[in-house]
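Okay, here we've got a single chain as structure tokens, the form predicted alone, with questions on binding and movement later.
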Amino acid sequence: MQDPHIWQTALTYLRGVGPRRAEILKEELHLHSYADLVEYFPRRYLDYGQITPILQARVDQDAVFRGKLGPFQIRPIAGGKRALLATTLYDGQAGIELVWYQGWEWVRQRFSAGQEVLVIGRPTSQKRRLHIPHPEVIPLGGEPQQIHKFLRVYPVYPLTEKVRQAGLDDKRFRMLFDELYRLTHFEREDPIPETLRDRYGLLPLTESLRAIHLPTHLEEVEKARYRFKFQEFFLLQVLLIKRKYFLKSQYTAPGFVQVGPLVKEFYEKHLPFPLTEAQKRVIREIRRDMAMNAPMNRLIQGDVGSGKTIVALFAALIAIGNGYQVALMAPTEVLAEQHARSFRKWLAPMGLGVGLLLGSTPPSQKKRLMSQLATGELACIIGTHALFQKPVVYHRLGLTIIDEQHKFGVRQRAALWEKAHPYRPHNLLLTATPIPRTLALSVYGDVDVSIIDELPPGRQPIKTWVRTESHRREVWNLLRAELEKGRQAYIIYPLVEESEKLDLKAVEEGYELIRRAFPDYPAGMIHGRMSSERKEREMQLFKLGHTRILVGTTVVEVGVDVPNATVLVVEHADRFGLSQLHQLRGRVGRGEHASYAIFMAPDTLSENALERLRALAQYQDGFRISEIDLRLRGPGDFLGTKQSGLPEFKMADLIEDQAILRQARLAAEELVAQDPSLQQYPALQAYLNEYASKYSLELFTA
């Protein structure tokens, strides 16, 4: 076994790379070392044994062709300052042009007209004729055994144009793996123990790396791909399960053995509406967790309007009733303000105060709130990132509630929990984005999941339309008819994250358009660049009915709850994810009146894009929509990869490889249960340290 440190060698020392190419590989492909290169997997494979007739050549489809070269021609390009080299490959039935725009002198020296060759490349179309730019050409001597020597599997790597321009085309990039194999034989310690490999039919790591990069047939490629998919899922699952085990076994939380008097008082005297059976079930699960001395770490998933906040309130009352403090953290000031309004409305009749701590809170008010938290005078605080800033000290923090928790990083959540030192608070996570079970297993594998899968009685299905710009008159007629009935409406514009100015301009122009189109009905405007006070004022004016139309961005998604609002119009709906549109749809349908959600799209939108939006008209179930959204957008865009802490899988696919994920999860659970510290598996532990560092994941803290 060679020195394992060889894998940390910089790529500049690999033959065929050098300093200039090493810099480009680092910038373009994020490859720094031998270890990075060996984990840079092909995106697909070409089988040299599958020779494509030229008549079957397709644009932008890599293929292998066999034939004889025609005469070579040198043609001037770029005003005669440069020249290209061209020839034609004939296979007896048809011909296709081969073109080299630069560095073609070696082609003239090595090949000649009439020579039989294999050609590997991707045809492109120019003036309705196919040609192959910069193909790989392999000479054939004519003997069958020589031909078979080249008819093997050809890995195709994802290379950028800049990498190719540096002289690392497909062939030369592939040669780097030949050299790397000569130096290392791809010998690496295997993170998956042999017992697990035998049980799940996995190739050893060294054999898998050779099969991926230097395959002899496609069957071994598939075995290696299976092994790496399993490994990606397995490493993440071990991390998550180990973190869950560590949290429960190493940290102590206050055990709330008694429910406390506040829960009984609220349930019997102040509960504004009957709880659904799903809400009761989830409250029982929370109650059971909070009675333990191990910290609760539970995620509540629920569709729009399913009543997650009232469930969180019951958890808060358990903690407060046992003499502890509660902190509810939200990702935006608008959402924090909404929670504060709800909690104050519910808790004020019981004589309980609720503080609101935001980045924009005036210094004098901040000082007073922090003093009340430190002495224990204030039992419930709601806020944003301000809740875990260094000056904030809690007297007895017993429960943290984190809303839209995937919008916080792991370290941000941990910073709040550390405020309860030396013990850990119980932790409740909320998400209004229903997440398919497979994705939840990957992102939230270290938490217990509760699902509120029942809407409160009286919620009506929302009539959903998908309309293009040519139907604008029809949409305005519906809106006018609802306004004449005394109802209210939202008009939502998309956020363009790269430029708040564009957001503001779109909203302001939309606001002026609405004022001109509906002069008899007062309109308001709300967007993220307004001050908290102005946003609050605009929302209150709309809630009280003083403004009848509210024009804004997605801050409306969480900021307003108006039963009289019956129409939602989303402009440029094609720019939103389906799950976000579904959440926006939940702004209407909250009262007794029939409601409408209308998703507007440009007339030029493709039929496929329109079909995607029509899924919203077909389904009202947020979990079903989230599955469609995940399939269409992929997990990274669905949640926001960096925010969720979900690494980008190189080989595995959360949608297609669910069966492998379940196997990897089972294997990880068995392994951690037998050896939580992984002392018997030093190679796995070393991989986990590297893996956690690479993806900024916490090894042991939740």
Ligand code: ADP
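Remember, predicted model here, so these are calculated numbers, not experimental data. Just count from 1 along the sequence shown to find any residue number.
There is another form of this protein, the form predicted together with this ligand, and it is not shown here; the text below is about that form.
**Q** At the 4.5 Å heavy atom threshold, is residue 139 in contact with this ligand in the predicted bound form?
**A** Output for residue 139 is no: heavy atoms all beyond 4.5 Å of this ligand.
**Q** Is residue 115 near this ligand? Define near as a heavy atom within 4.5 Å, in the predicted bound form.
**A** Because no heavy atom of residue 115 falls inside 4.5 Å of this ligand in the predicted bound form, the answer is no.
**Q** Is residue 605 near this ligand? Define near as a heavy atom within 4.5 Å, in the predicted bound form.
**A** Result no; residue 605 lies far from this ligand in the predicted bound form.
**Q** Evaluate residue 107 for contact with this ligand in the predicted bound form, applying a 4.5 angstroms cut-off between non-hydrogen atoms, and reply yes or no.
**A** Residue 107: no, not in contact with this ligand in the predicted bound form.
**Q** So which of 267, 476, 101, 273 gets a non-hydrogen atom within 4.5 Å of this ligand in the predicted bound form?
**A** Among 267, 476, 101, 273, a heavy atom within 4.5 Å of this ligand in the predicted bound form occurs only for 273.
**Q** Can you work out which of 583, 626, 306, 297 has a heavy atom no more than 4.5 Å from this ligand in the predicted bound form?
**A** Spelling it out, the residue with a heavy atom inside the cut-off is 306.
**Q** Sort through 540 to 548, 81 to 89, 241 to 249, 275 to 283 and report the only stretch with a non-hydrogen atom within 4.5 Å of this ligand in the predicted bound form.
**A** Residues of 275 to 283 come within 4.5 Å of the partner.
**Q** Need the contact residues for 582 to 612: heavy atom within 4.5 Å of this ligand in the predicted bound form, sequence order, or none if there are none.
**A** Heavy-atom contacts to this ligand in the predicted bound form: only 590.
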